[in-house]
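A single chain, nothing else alongside it, follows as C-alpha cells in the form predicted on its own.
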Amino acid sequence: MTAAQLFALSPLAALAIGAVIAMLLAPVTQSAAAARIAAATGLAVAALLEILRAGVPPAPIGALFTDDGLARYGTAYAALFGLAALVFLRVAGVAKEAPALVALVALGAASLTGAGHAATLFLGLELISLSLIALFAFPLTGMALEASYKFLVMSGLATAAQLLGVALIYAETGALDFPGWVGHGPLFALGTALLLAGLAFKFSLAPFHMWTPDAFQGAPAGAAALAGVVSKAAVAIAILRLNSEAQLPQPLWSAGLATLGAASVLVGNVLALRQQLLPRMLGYSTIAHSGYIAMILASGAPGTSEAVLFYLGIYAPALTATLCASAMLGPAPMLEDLRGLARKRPLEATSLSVGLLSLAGLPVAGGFVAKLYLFKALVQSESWILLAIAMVGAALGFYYYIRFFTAPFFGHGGIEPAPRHRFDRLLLIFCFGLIMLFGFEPLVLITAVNSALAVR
C-alpha cells in the first residue's frame, strides 16, 4: 500500500482507533471521562486529517471505498459534528460505552459517504444503526427504551429490505459495485425500490419516519443530534453517489425520491404544528428537512451536489445548537418552559432562537440561503408541484418555529436551566458563529463545497 493510500485511509483509521481505545477504557475506569477523551481525540484527529487533505489528488483505494471530495466532505462533517454531539451527550454512569458508540457512528457515516460498493454501503448503515440503538436506550427511562425498541424493530425491517434489494440488483446486473448497476429488467426495478425503502428509513423519510420524534424526545440530546445530523448527511451523500455512479431505473428512482420527499415535507411540518415539546417538534421538523433534501436529490437540476452539501452544512450547526440548548432545559422542555430564558441564560436563548431562525429559512441566518438553493433546484428542473409543496412546507415551518423562537424573549417563569458546562458554552458559541457566518457570508461555505466537489 502506498503512502497516498495510507493517507487516504488515515481518517477512518483514526475514528476506528479512537472507538476501540474508548471501548477498552470503559470497563476499567470509574467514569466515562477517559473514554470520552479517547473518542474525542479520534474524532478531532479524523476531522483535522481531512482538512489537511483538502486539494490533495484522490488516491485509488480499491472498489470498496472512494477517495473523492464527497467522501472527504462527509468524513470531516461526520467527525466534526460527532465531536459536537459528544460534547453534550449526557448519560448515566452505567453508559461508559457511549463515547465509543459516538465514534462508531462517525466511523459508519464516514464509511457510508465513501462507499462505492454494496458491502461498504451496508457496513456503514449498520454501524450507524446498531450504535444508535444502544445510544437511544442508555438513559434507561421508559421513553428512551421505547425509542430504542422502535428504532431496533424498524431498522431490522429496513435492513432486510435493503439486503433483498441489493440481492435482486445483483441477480440482474451481476455487480455489487455502483458503476456496475446498469439494467432495465423487473428484478432491477424491484431491487431499486427495496433499496430506496431501506435508505428512506435511515433518512427518516415518510412513511418510514415513525421512530424519529420518539428518538428526539426519549433519547439523550447528543444521540438525537447524531441521528438528525451525522446519519442524515451520510445517507444524503450516499444517495448523491448513487445518482452519479449507478444507472438506476428512471423514473422509478427519481420519482420515488420526489414522492417520499414531498410526503415528508407535508407530514413533518403538519405534525410539528401541534407539538408543545421542543425535542418532539425538532424531531418532526427534521423529517421535513429530510424531505427538502430528497426533493433536491430528485430534481436532477444542475448543481444538485452543491445544493445538497450546502444545505447539510447549514442544517448541522442549526440543529446542533437547538438540541444543545434544549438539553440544558431538561429531558423534554415544553414551549412554556422557554418563557423568560433570555433573562436567565442569554447565550442559550440566543443560540436556540438563531438556530430555529436558520431552520425556518429566514433572512440573516444561513438557512435562508439553503432554502434559496432548494427553490432554485426545483425551478431549474421545472418541478412545479414539488416547488408548491416546498413553499407550503416553508410557510408552515415559519409558524411553528416562530412560536419557539419568540418564547425565550417574552413572559416570565419557565424552568431553571441546568448548570452550564464549559464545553457546552463553547459549542453554542461555535454553532452560533457558523450560522451567522453562513448567513452573512455564504460564499465561505459555497467555496468549501465547490473545493470538495472539484476533487474527483
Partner chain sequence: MTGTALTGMMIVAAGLFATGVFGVLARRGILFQLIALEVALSGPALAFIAAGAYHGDAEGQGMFVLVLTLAAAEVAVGLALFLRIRRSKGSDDSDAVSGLKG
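Positions refer to the first chain, counted from 1. The shown structure was predicted, so the numbers you read here are calculated from the model rather than taken from an experiment.
Quick note: we don't show the form predicted together with the partner chain, though the next part is all about it.
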Exercise. Each of 425, 432 and 452 near the partner chain in the predicted complex, meaning some heavy atom within 4.5 Å?
Worked result: no
For this session: Have a look at 383, 155, 304, 243 for me and say which one sits with a heavy atom within 4.5 Å of the partner chain in the predicted complex.
Result: 155
Seminar exercise, completed: Checking 347, 332, 143, 335 against the partner chain in the predicted complex, the residue with a non-hydrogen atom inside 4.5 angstroms turns out to be 143
Exercise. Taking heavy atoms and a 4.5 Å cut-off, does residue 148 contact the partner chain in the predicted complex?
Worked result: yes
Exercise. Going by a heavy atom distance of 4.5 Å, is residue 280 a contact of the partner chain in the predicted complex?
Worked result: yes
Exercise. Quick one: is residue 178 in contact with the partner chain in the predicted complex, heavy atoms, 4.5 Å cut-off?
Worked result: no
Problem set entry | the partner chain contact at residue 232 in the predicted complex, heavy atom, 4.5 Å | no
Exercise. Which of these stretches, 210-218, 105-113, 233-241, 68-76, has heavy atoms within 4.5 Å of the partner chain in the predicted complex?
Worked result: 210-218
For this session: Scan 150-183 and note down the residues that get a heavy atom within 4.5 Å of the partner chain in the predicted complex; none is a fine answer too.
Result: 150, 152, 153, 155, 156, 157, 159, 160, 161, 163, 164, 166, 167, 168, 170, 171, 172, 173, 174, 176
